[in-house]
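First structure 1, then structure 2: two forms of the same chain, each alone, as structure tokens.
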Structure 1
């Protein structure tokens, strides 16, 4: 029995259920919003205790990362992502999760070849292309300034 691959692909798409976009977006909004509000509350607290703005921002970031790391260790963060999707993945807490998860998983393969080599398997591309993009923008900015356009 010959089956056309294109026809099959179309039929597969038809019978495969898809996620509901609006529900997912709402959940992501609520989750992401909650994480960002927590950050804002922390920042205000640090400022209220007389911290410099820069220092307060740094401490806020640290607290969010620490929170994510602890929740990852207790296997709670994956459940938050499962519900909230990108709302939990995009903030810095998601980035922390993507670094800590491989560290825990690959610990059994040793400190160097396990943790050392594989800790950035998920976050690696973000770091690489993040740095590359900032370098490219920096170059553009420098050219713009030397040419007197900016």
Structure 2
């Protein structure tokens, strides 16, 4: 049975979610900005209490990751992602969420075959391609320096 192209086009238009680009961008900006502002506030607090800059930056990162993990555990971070889109997925908090969410989802299957196998389901490709891209760029830089191009 062949489906009419017009009919199929109407069906696709009906089931495809409509996105409001400017509204989505504003939400991403607000969400990402809030996360980054929170990080800056934490960094300033740690510096104000006398920490060295490197230590303060490390503690800020740890606090942001811990906050993301806790919010994911209480099923709040997925709601933030739903509202803020890429603004919540791009910062380090989004990466932490992508590691924790599968672990929570598959914990019933056990520590090894549930959490151990599924924990990097979402984050794994990011890590893989991040490492590969770093390696490729490092190789290109080394070749460029060896040839005198850089």
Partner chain sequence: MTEELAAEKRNHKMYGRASVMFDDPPYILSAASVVGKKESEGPLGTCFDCIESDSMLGRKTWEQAESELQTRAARLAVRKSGLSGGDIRYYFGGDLLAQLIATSFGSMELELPVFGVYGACSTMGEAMGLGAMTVEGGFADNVVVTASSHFASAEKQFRFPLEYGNQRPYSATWTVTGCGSVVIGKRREPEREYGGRRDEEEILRAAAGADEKRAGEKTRMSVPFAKIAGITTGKIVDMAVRDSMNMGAAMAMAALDTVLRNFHDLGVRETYYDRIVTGDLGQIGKRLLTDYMAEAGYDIAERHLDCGILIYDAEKQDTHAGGSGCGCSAAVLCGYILPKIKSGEWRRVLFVPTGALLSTVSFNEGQSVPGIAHAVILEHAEEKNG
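Residue numbers count along the first chain shown, from 1. C-alpha atoms forming the largest set that superposes within 1.5 Å between two forms make up the rigid core. Here the structure is a predicted model, which means the values were calculated and not measured.
The form predicted alone corresponds to structure 2, not structure 1.
Residue 50 shows a C-alpha shift of 2 Å or greater between the two structures [criterion: core-superposed Cα displacement of 2 Å].
Relative to the superposed rigid core, the position of the CA of residue 16 differs between the two structures by 2 Å or more.
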